[in-house]
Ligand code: GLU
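As a starting point, one isolated chain is supplied in structure tokens, in the form predicted alone.
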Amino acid sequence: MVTLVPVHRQEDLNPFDIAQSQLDEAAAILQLEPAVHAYLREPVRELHVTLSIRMDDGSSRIFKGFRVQYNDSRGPTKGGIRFHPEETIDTVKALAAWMTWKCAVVDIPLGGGKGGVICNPKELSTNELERLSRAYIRQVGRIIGPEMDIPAPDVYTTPQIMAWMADEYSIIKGQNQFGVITGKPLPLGGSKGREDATARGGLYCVREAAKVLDFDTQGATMAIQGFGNAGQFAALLGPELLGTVTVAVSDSQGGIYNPDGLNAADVIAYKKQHGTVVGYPNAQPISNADLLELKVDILVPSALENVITSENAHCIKAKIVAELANGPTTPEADKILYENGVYVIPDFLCNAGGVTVSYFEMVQNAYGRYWSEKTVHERLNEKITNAFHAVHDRARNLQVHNRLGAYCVAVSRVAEAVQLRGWV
């Protein structure tokens, strides 16, 4: 007699496979025509580049980079540039796809793009970073531009890097072309309100989620995994916008936890001085994995992809998961969280504040008139609030989890544009 042993199927964590499988679910619900579905599963174009950079010691190093333009049916593509040692083309393609859906879900006239260079910026000097930034633009400059594809900052890239890139593109074109890049410093046409836009938009979503859940955020506890730009601003803005108390934060080296609350400004100052939150006084150490499983009201994954999977989704105790990171939750984890009553605000809605204010920056660049920070916040609030309720209502009507609801809103808009233009 043969005994059959159950085989545990390993979850697919390839980000582009995940992006495609999420699209496939929405396509089935929307009953997309097969050709439209097939068209939306792949980027319309991708560019691979090789960059030779002169280092400060006189040697040369070779770096690989990418730019993916996923879909431009609704307008020029838009998306950040990441400098990361573990960058892959599949990650960039997935992020470009998610940017397509993100622009559509907040209903701005842009498509999705993304770029990246495989490098560790922490190991590069300022001069080396500048040479790398300019070399990247010299290679991808032929397919970007204010009417084609507008990059922006992302993981380990900054307004200063955007300034170098915009300048290099302007040199290539022989005239100022600051509109080619968003997330620039204010003196070069940046927008007020851009720096905290991702976190602010995410907290606007949490505010609206709390309303539909009849949940009071005053005094609610929050844990933040990933303490870069978005995570830091979430900690700073949480008390102001929602009355929340941040009890735990973490970065790539580890985390800290204090059930009585952390002073966000003090933790940020400590991280700036020491390069990590680890070792912060008046808090106990906690791992990134354990932080995710804390009993808190609001969990904010704001690091990298695939941190909530089928392995740990059962252990998530938060009422609301607000995804400031791209792709932090896998499809199998989504189903588990939904079944367990955890309210997930999906990434391409929750972190859409950044691209929304980048779009505002494009508008301001185009007609040379710049808005007050108050105006930016008001217009961001309106866009994010409308998008949240469109997603929430679609998910409830279809009786599916919020990510699938968001996909149905976004994919239907992109599919309509593709068909109206006669592409399929």
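For every residue, the number given is its place in the sequence shown, counted from 1. What you see is a predicted model, and the numbers here were worked out from it, not measured in a lab.
A second form of this protein, the form predicted together with this ligand, is not displayed here; the remarks below concern that form.
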| remark: For this ligand in the predicted bound form, the stretch among 370-378, 354-362, 37-45, 385-393 with residues bearing a heavy atom within 4.5 Å is 354-362
| said: Counting any non-hydrogen atom inside 4.5 Å, which residue from Asn326, Gln232, Thr91, Asn71 sits next to this ligand in the predicted bound form? | reply: Asn326
| query | Pick from Gly116, Pro153, Gly193, Gly190: which residue has any heavy atom within 4.5 angstroms of this ligand in the predicted bound form? | reply | Pro153
| query | Taking 4.5 angstroms as the cut-off for heavy atoms, does Thr182 touch this ligand in the predicted bound form? | reply | yes
| query | Are any of the heavy atoms in Val321 no more than 4.5 Å from a heavy atom of this ligand in the predicted bound form? | reply | no
| task | Tell me, yes or no, whether Gly80 is in contact with this ligand in the predicted bound form, where a contact means a heavy atom of each within 4.5 Å. | result | yes
| query | Would Met99 count as a contact of this ligand in the predicted bound form, using a 4.5 angstroms cut-off between non-hydrogen atoms? | reply | yes
